[in-house]
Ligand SMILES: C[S@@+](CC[C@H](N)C(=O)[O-])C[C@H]1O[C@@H](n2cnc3c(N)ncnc32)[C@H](O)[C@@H]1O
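The chain below stands alone and is given as structure tokens, in the form predicted alone.
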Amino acid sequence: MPEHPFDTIMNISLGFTLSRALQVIAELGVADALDDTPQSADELARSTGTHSESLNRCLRLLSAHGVFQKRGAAYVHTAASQLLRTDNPMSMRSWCRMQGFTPLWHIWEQMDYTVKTGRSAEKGLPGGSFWDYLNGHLEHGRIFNDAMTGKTSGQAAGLLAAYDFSKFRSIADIGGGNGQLLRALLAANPSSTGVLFDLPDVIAQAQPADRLTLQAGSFFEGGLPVCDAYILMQILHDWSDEESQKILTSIRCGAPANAKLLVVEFLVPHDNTPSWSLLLDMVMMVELTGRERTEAEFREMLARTGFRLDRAIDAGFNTFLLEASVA
């Protein structure tokens, strides 16, 4: 039976309570406290230093949406709640904690400014931008890095299964952070070498490895390495079309004629069906200057910067590898 319009409005208008409950449960480490044995809210409250009834009400809400399962008076893990465990290789605990940063919630109070002006509300963050805020708040910066690590773990496995990287002698990961993706690619392709390219303060913290070169710089300023393949993993969605085109132009200026550009991004469905990529698009709009894009929008942007989109490969988790050639 179709949902009644009243229920649609109620569910959407109160949806923030569900996301906030998830963030708080992740922050408190409740999933870590719950092992393989069912535990009551009283038991979980004692081990997490929380109020039993309030915790139970949060868990009741989340379990109704598949995060934890309620069995009588006790709770057990589901596949979703397992992702909130810190020791899970694909842990999304830090991702959920990051969405609950107090300053980020405050700038959502200014979403009307974004809708009226077309400009990000990140000016409301301490430091004036999302990136400056993370640089100035080390603990939140660490949580952000952990969130990206957990997210990348699952995506890297999907990319390796979906695409043959062995044909490249040298691979450059542009804006690759700690090099997690590039290290996974090199481990799976022992005949390849890699260049990790990122800002100087990021590269200063990166760990050296065999067949891996560390190079500091800015993808807005050029001077990028010369390689057979260039990977941009979830970089362009952080930036506006104008800024993204500058990044792509920098790569195009240094890329050999036979090089491949591999853009890894989430895609917005072309038919406007429900997708969490549309929710993430709101985050990009309000918190940063970026946006999520459709395949057609990427195709047009690549063409404007001297690339030709050859194909889009589904790597799972709504992650797509867009393979492009120098036009």
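Heads up, when I say rigid core I mean the largest set of C-alphas that superpose within 1.5 Å between the two forms. Remember, it's a predicted structure, so these values are computed and weren't measured experimentally. Numbers for residues come from their place in the sequence shown, where the first is 1.
A second form of this protein, the form predicted together with the named molecule, is not displayed here; the remarks below concern that form.
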Inset, instruction - Using a 4.5 Å heavy atom cut-off, indicate which stretch of 113-121, 249-257, 214-222, 100-108 touches the named molecule in the predicted bound form. - result: 214-222
Legend entry - Contact test in the predicted bound form: Gly158 vs the named molecule, heavy atoms, 4.5 Å: no
Inset, instruction - Considering only heavy atoms, tell me if Ala162 and the named molecule come within 4.5 Å of each other in the predicted bound form. - result: no
Inset, instruction - Determine whether any heavy atom of Ser240 comes within 4.5 Å of a heavy atom of the named molecule in the predicted bound form, and answer yes or no. - result: no
Inset, instruction - Please check if Lys151 has a heavy atom lying within 4.5 Å of any heavy atom of the named molecule in the predicted bound form. - result: yes
Inset, instruction - Check each of Ile143, Ala184, Val202, Ala229 and return the one that places a heavy atom within 4.5 angstroms of the named molecule in the predicted bound form. - result: Val202
Inset, instruction - Taking 4.5 Å between heavy atoms as the contact cutoff, choose which of Met233, Cys96, Ile171, Leu125 touches the named molecule in the predicted bound form. - result: Met233
Inset, instruction - Enumerate the residues of 176-207 that have a non-hydrogen atom within 4.5 Å of the named molecule in the predicted bound form, in sequence order, or give none. - result: Gly176, Gly177, Phe197, Asp198, Leu199, Val202
Legend entry - Core-superposed C-alpha of Ser166 shifting 2 Å or more between the shown form and the other one: no
Inset, instruction - Align on the rigid core first; then say whether the Cα of Ala216 has moved by at least 2 Å between the shown form and the other one. - result: yes
